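As structure tokens, the next two blocks hold two forms of the same chain, structure 1 and structure 2.
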Structure 1
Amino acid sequence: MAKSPLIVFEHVTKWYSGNVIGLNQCSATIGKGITGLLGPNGAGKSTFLKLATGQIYPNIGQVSIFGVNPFANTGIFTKVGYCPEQDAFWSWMTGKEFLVNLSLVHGFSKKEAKDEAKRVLEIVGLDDARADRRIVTYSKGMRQRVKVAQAMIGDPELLILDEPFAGADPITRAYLGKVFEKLKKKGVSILISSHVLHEVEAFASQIKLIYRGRLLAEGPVKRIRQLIYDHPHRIFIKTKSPRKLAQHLIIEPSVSSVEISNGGKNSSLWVLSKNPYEFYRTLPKILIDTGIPVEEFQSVDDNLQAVFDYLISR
């Protein structure tokens, strides 16, 4: 298999109005396989992905994808699927209608568009009655699934996914993780951004660390993981039954401490874990066993921040 890179950034700098630097003298190549783009919020990950997909253009430097300049070059999207970070839906539609419409925008005929919507819904596990519900009624996890599904329309060779796990429940995270693993086995290349390593380490072969608009480190996932897991990991869980969930969590060996904030209806938990990989594997089981509903779940990037601080101070 040829090793020609899919995406090439050459000394790319991007700034926004108000002298905000999005990306600073960034040179990088993204090859085939799965690449994780890691960095805390505001690091420049979305800027990187928007530049790669031609949603924005660089002020300095050059970007190419499949050998062409992507800006306003929508021809690349016969090969590339893009999942934006922000919610972008026609929320009055059902999930199925939304995907059928986007398939039609893609260029499929009506019959093919229906088949294509069905196919991508099956991939993300929404091929049931939920697909016929209006998107406005969807949970965050379901929205994320639909967003990922729309990126898969047209069977792209390269998927560019901007924080596909953000705000998703643990079950959706695990499910999508399995989907990406399978895609990898099928030969689809994926560039996926996240601010938490564990989200991508199961299937990413390469990691690029980005911080304050600069590419800080890159390499095999094992090395990066070792670097990051030396630091404690904080997880935020929003639930209506924080105390009940805390009781079950605190006995887990992977959990160092549990803190409950705001004892009212909108309570939340802060969990500190020394073994996040283990924690993320056991959490879904706890939630299923206890039936405790989780409204929001986020891995905060404090641990990653610590790694960045370490890398910068070296």
Structure 2
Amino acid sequence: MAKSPLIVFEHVTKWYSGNVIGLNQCSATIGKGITGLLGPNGAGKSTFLKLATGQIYPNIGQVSIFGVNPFANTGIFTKVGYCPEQDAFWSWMTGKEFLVNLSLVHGFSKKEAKDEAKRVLEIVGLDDARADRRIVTYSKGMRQRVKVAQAMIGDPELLILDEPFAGADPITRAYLGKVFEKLKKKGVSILISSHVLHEVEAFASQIKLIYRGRLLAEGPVKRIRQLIYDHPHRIFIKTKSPRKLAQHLIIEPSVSSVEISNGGKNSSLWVLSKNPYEFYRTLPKILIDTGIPVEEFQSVDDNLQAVFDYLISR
């Protein structure tokens, strides 16, 4: 028997004043495990998460979480932990004081609240020295850790995290990623929003792509990666031998066109490939066989924005 989804959106539309559409006829299910909700800024990710946590209501359609309507239903937070995108601290408090007070709000006794604050602080890697500092002195990475910690108060079954990596330093991002992997192994489900695929692909089992309020694609990380490789790529190559390299590239089946630009010392190539996967396999062999030096190489289309543009143009 199939497992019941944790979150269900049925033909949900949400608009704001000024004819601003947050979500447009969005239908989606979120199951157990870790699901990444990906899209550029303004795509509708925060609207999706606020609807799921009952902070706002849909104008059209229905939302359910754990089988109930979440709107203004505080009872769901016995099972759900939420990390907002925007900071919402009493910044004059220390990190520990903030978490103790939130634990009290959850119904813990004073002693239990102190123990719970210590538990979640340890999970996110904030020691006593940093936890006892006022939040106003915290770096962005430390504030992100505290926000994730407050979402874990009460050991919820489901974490809903809105851009938890935003503005965080690489060390914090790597650390939180490991935290999420450990939580997944313990059976905790996570819905996490981001605008960068590589931030979540290491630990997410499912990805949903949202753009301009619409759900464009969904599936395992491998399928989303394939979407990136399936659309045509523009590849920039900086080399001192652009014409020689162009002669070898233009005959390759994976290459649609080659353009030489910026003559002289700053010569470069722009390659259009309709089979990027094959091109990325072929290029190293050509460079080794010919000995042509390459100073710089990058694909400007190897990103989610390019995938979104490709999907909506089809």
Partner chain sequence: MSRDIVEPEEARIYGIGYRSWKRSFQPNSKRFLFLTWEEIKLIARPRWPLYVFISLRLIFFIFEVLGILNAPPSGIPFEQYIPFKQFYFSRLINSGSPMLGLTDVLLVFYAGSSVLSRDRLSGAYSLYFSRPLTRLEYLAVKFSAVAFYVLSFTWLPAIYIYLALGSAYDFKPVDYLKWEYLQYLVAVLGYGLLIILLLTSFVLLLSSYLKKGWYVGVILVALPIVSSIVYSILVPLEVQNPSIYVGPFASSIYILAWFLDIDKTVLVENFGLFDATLITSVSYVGSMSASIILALIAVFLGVLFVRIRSLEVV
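Superpose the two forms; the largest set of C-alphas matching within 1.5 Å is the rigid core. Quantities reported herein were computed from a predicted structural model and do not represent experimental measurements. Counting starts at 1 with the first residue of structure 1 and goes up one by one along its sequence.
Peer 1: Of these two copies of the chain, point out the form predicted on its own.
Peer 2: Comparing the pair, one sees that structure 2 is the form predicted on its own and the remaining one is not.
Peer 1: Any chance the CA of Ile288 moves 2 angstroms or more between structure 1 and structure 2, core superposed?
Peer 2: The answer is yes; the displacement is at least 2 Å.
Peer 1: Superposing on the rigid core, I want to see if Ser64 changes position between structure 1 and structure 2 - specifically a Cα shift of 2 Å or more.
Peer 2: No, because once the rigid core is superposed, the C-alpha of Ser64 moves less than 2 Å between structure 1 and structure 2.
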